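Before any questions on how it binds or moves, here is one chain, the form predicted alone, in structure tokens.
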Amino acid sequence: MSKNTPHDSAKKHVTGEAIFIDDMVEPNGTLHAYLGLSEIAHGEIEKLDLSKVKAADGVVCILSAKDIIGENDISPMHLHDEPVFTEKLVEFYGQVIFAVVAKTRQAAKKAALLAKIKYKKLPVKVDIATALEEGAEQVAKPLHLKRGDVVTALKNSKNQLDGSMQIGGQEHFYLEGQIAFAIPSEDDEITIHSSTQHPSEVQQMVANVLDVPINAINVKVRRVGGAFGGKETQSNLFAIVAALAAKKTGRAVKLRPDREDDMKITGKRHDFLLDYEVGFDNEGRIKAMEANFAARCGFSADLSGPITDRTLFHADNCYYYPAASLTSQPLKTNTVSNTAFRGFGGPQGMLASERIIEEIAYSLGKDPLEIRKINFYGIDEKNTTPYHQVIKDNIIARLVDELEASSSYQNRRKQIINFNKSNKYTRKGIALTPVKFGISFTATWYNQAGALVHVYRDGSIMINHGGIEMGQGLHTKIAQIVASGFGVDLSEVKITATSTDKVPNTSATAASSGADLNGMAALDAVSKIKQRLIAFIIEKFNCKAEQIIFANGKVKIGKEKLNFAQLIEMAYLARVQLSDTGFYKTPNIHWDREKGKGNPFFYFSYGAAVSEVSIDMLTGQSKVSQVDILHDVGNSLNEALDIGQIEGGFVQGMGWLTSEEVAWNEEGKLSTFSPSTYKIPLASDVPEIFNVKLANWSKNPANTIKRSKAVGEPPLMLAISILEAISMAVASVADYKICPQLNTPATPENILMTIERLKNEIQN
């Protein structure tokens, strides 16, 4: 298996040959839908006048709540709190009220703007602080993780400190926006091409709204142009509206919102208000930690319950808390329902732990890295998490030591401190932060996958699995696994579009588990076919199993060799079954939410990053000059793809923490709904020196595919090192005696205000 095989669609992406849903040839008579959105954040619809909409040129029909055949609900947690079309109550700016179906997309869009809606406005809860003050309800049941006697441990600690932190949200900003293309067939059958991470959920949701059996709906996904969690549940709405329109009209219907509407309609990464209290000794060892995580969740639950749960799972990061009390507060607000985003709440929890480490370091006048290292989890003791899982694969100390040495962290830090003493208008900072990220869905039932493998008479192979290719290279990795299993060249293996009529009941491609789950399922199918081939060879050639070797496109049988294709033709003529399904479920995981105890993660991925930054003291502008990363992917399936994921995840995390600011005005209107008002990282923002290395000595102790480890989400959190480095640069104005307490994102404005606050604290 080549560890540097290129992405299977890399050339197609670059040349524009890759076919996405909006590139598909449309059947004759295809219609287009467009959504009519609310223009207030909270209120009641007193009058809905769609007469001008109906009369507009090209309009075929209008859809609203009364057209729902089954249930007007798309809540992924089945809480019945999220309608397809709202009937009376508006709960966020941009909520869908109706849809226009017309002969062209332009006609549908133009007609949607003709609606006349009269509202009775109601009070709006937009931000977390307001929701807390006014006693907002919670969209999901809070989680409380507890271990040890926190009250006593805090009281007996030699040092205590408390504080708060605002952690900002993030827009997914995928390259391919939300889109669905529904094509009706005979009876109740509909095929839906959906840009989704979770085709089986789309299938189920559409069936529920149309009141048809799940087997009547087939969802197909060849590739997705980026998702990052934003298409795990949020794609359901678009597929449902397209399917509903297709069923009503009997014609193919496509729905693709403009980018601005996409950003208004769809949820973001959750923003949090963190409050904490920590007790520690004079060396900086944490004795007790108590924290509350209040989250802006939006008008409905979506996945906020499990997301805020996962925030608590990662509030320890790499650090052992002898006593801990961690609580989530998933608050209802009059904003779009926030949803999954790369890391699924984990980055916010991890950021909290690093803020607390930083607070301790500044209070003791020490390098934060020193405080990090003395609080690391141990190997044979001090290795139990606040959710009572024992860590058995801890390698963080070795990773950090190696990176500290290879990056010359200590020398560079001394040089930066000296630089800051003599420079008034530019200040620098450096930080080394670690990552420990648990791998598995915390909803245990999602930790399963299926696959279907066909071997054809000419020796060519087809694989279909439940995972979604969204740019990360999953299809390439699965194809490599299948090719390696049969001992053939990668060119012999073809992966077809993910389709619910090929592999049923699939889990979302999320939680960094795509290769883990689908790779093992594919390998299971390969193993079944190989077992039959081996039995056939033993009978035909009168040999023993140990004499049979599949490699390099050939099958060695003792001293005799056959081409793989020759063997397959012989097996076909002998009526050997050359197709099979595979299945995998992750073993040894369990979680009792009521008790706050369990073993929710199969294993942990580790990493560490050193970031060096500079800030302009006049403008607040920050610049990342160098990043050094050492990351653990176990025995890499494909080093080129893994490094690409690390680099991309890091830059996306950098955007979350420094420039990407999601904002609503006081009336609940989203202010950052376009590329002109929302700033993602550019190519020019990528670190000038960007060194990424894999910990090649690491092998996953858990029984995963080829002993590899997940790489989708963990790298994003390495970017916390950038925030910590900015913090050091800011702290230089107070001679590193005061923790800057930077909120995120650390925009130029935020940095300047923090600098001024520190200067005032020094003077007072």
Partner chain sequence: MKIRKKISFLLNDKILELDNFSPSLTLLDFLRLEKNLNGTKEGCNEGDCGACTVLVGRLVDGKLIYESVNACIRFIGSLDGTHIVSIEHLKSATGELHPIQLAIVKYHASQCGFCTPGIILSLYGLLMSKPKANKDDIEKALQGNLCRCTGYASIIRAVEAIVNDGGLENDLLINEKKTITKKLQKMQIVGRVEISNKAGEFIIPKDVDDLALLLEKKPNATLLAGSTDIGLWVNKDFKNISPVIYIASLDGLKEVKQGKNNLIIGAANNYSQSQKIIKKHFPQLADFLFNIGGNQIRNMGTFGGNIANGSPIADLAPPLFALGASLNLRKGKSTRKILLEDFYIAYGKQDLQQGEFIQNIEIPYLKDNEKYAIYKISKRKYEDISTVCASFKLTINNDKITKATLAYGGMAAKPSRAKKAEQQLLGQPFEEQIIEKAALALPNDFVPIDDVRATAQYRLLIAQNLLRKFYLEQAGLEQAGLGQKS
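The model shown is predicted, which means the values in this text are computed figures rather than measured ones. Positions refer to the first chain, counted from 1.
The discussion below concerns the form predicted together with the partner chain, not included here.
Though the partner is left out of this view, Asn423 does reach within 4.5 Å of the partner chain in the predicted bound form, counting heavy atoms only. Contact check for Lys332: every heavy atom lies farther than 4.5 Å from the partner chain in the predicted bound form. In the predicted bound form, no heavy atom of Lys287 sits within 4.5 Å of the partner chain. The partner chain in the predicted bound form comes within 4.5 Å of a heavy atom belonging to Asp258.
Of the candidates Ser674, Asn394, Thr444, Asn635, Ser674 is the one whose heavy atoms come within 4.5 Å of the partner chain in the predicted bound form; the others do not. For the options Thr500, Ser507, Ser325, Ser622, the residue carrying a heavy atom within 4.5 angstroms of the partner chain in the predicted bound form is Ser622.
By the 4.5 Å heavy atom rule, the three marked residues Ala136, Phe272 and Asp592 all fail to count as contacting the partner chain in the predicted bound form. Partner contact region in the predicted bound form: 639-647, out of 344-352, 288-296, 198-206, 639-647, criterion any non-hydrogen atom within 4.5 Å of the partner chain. Taking the partner chain as positioned in the predicted bound form, the residues of 10-33 that bring a heavy atom within 4.5 Å of it are, in sequence order, Ala10, Lys11, His13, Val14, Thr15, Gly16, Glu17, Ala18, Phe20, Asp22, Asp23.
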